[in-house]
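Encoded as structure tokens, the following chain is the form predicted alone, with no partner shown.
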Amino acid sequence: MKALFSCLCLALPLAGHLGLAQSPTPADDWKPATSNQPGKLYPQVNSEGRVKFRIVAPEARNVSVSFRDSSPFTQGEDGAWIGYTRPLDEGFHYYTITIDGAEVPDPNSRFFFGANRWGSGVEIPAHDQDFYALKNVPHGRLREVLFYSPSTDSVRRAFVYTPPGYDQDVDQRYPVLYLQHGWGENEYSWGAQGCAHLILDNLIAAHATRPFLLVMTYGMTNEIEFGRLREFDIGPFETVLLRELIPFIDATFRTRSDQRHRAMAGLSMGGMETKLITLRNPDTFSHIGLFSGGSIRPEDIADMTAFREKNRLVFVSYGSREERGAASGKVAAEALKQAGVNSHYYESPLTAHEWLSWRRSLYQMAPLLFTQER
């Protein structure tokens, strides 16, 4: 367990990699970011992947942004401070603004939960963003549900995606994917910065995946400070998931509640949770997905013959810039395949430990789920 924690990369605010060489003057083709609050013109993004900020703070003495290697902010006659970043990776990035030493959210950005707080995020358009775009297709519903947890003596929240047609065809029952966030994030994350419901809407509209339910809940039962993740005990969350949430979902929604129609996946810490829980409970889950969250090797499996019989899929993915994890994940996936497991490895091009890697991972994994019937 400690070894797994020590090598696990965490879902933290990411500044992105250098995408283009720095130029003295940024390209002047700025457009408001899609992650802005309605009506806000800043932050703006240009074709180089740079982000320009405008912060109105007339009395401030110094303003900066958390992206490394950003330009100095300069104050105009109107009292607003302007600064911009180096070229950033495509996809979604958390950030903060610092005003006279106080780290604060950008009032122009929509708020997202990451790094254990509600804060700012900016979307850099990706060349393949069509797969998570909001389109004129039939849409499912992202439902907020509350369930009582006797083991924690608390009312807990989950978000449940039901696919298009769920409310119309009341006789149809659906498989379920339990999808976990990373450390520092919560049950909102996959539906907000992850675009999970839009990814599934678009796949289903293209007849590229079988419709299924998606369940997202908070993956911790105790708060752990940064740097102390080894103190996290997965046991209480495993109890919440197996004994409380799954029975609640099966009783509340029209699920196919047998093992072969239940999957679990997660990113980063959620991948670690997925690995531990699914390997300990092979009669509960038949499909496993680890996104930047470790890998499964043949030696991790106590009974390979039984595993091959019960498991339908092991999917492992990394961003290509997560070089150490990607290398080990690829080797482990191939070893499982050689052992007769339906093992798939995916590598997101030119991304690191960030949301575009995980959006792409869900997009790649979803068509592989629940395809084998016996």
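Just so it is clear, the structure is predicted and the values come from calculations on it, not from any experiment. The first residue of the shown sequence is 1; numbering continues from there.
Below: the form predicted together with a further copy of the same chain, not depicted.
Contact check at 4.5 Å (heavy atoms) against a further copy of the same chain in the predicted bound form: all three of Ala60, Lys135 and Tyr148 pass. Annotated contact segment (heavy atom within 4.5 Å of a further copy of the same chain in the predicted bound form): 108-116, selected among 173-181, 297-305, 108-116, 256-264. None of Ala126, Leu245, Leu198, Ile277 but one reaches within 4.5 angstroms of a further copy of the same chain in the predicted bound form through a heavy atom, and that residue is Leu198.
Exactly one listed residue, out of Ser47, Gln338, Ser320, Gln37, brings a non-hydrogen atom to within 4.5 Å of a further copy of the same chain in the predicted bound form: Gln37. When contacts are judged by a 4.5 Å heavy atom cut-off, Asp100 counts as touching a further copy of the same chain in the predicted bound form. Ser154 belongs to the set of residues with a heavy atom inside 4.5 Å of a further copy of the same chain in the predicted bound form. In the predicted bound form, a further copy of the same chain stays beyond 4.5 Å of every heavy atom belonging to Leu41. a further copy of the same chain in the predicted bound form comes within 4.5 Å of no heavy atom belonging to Asp233.
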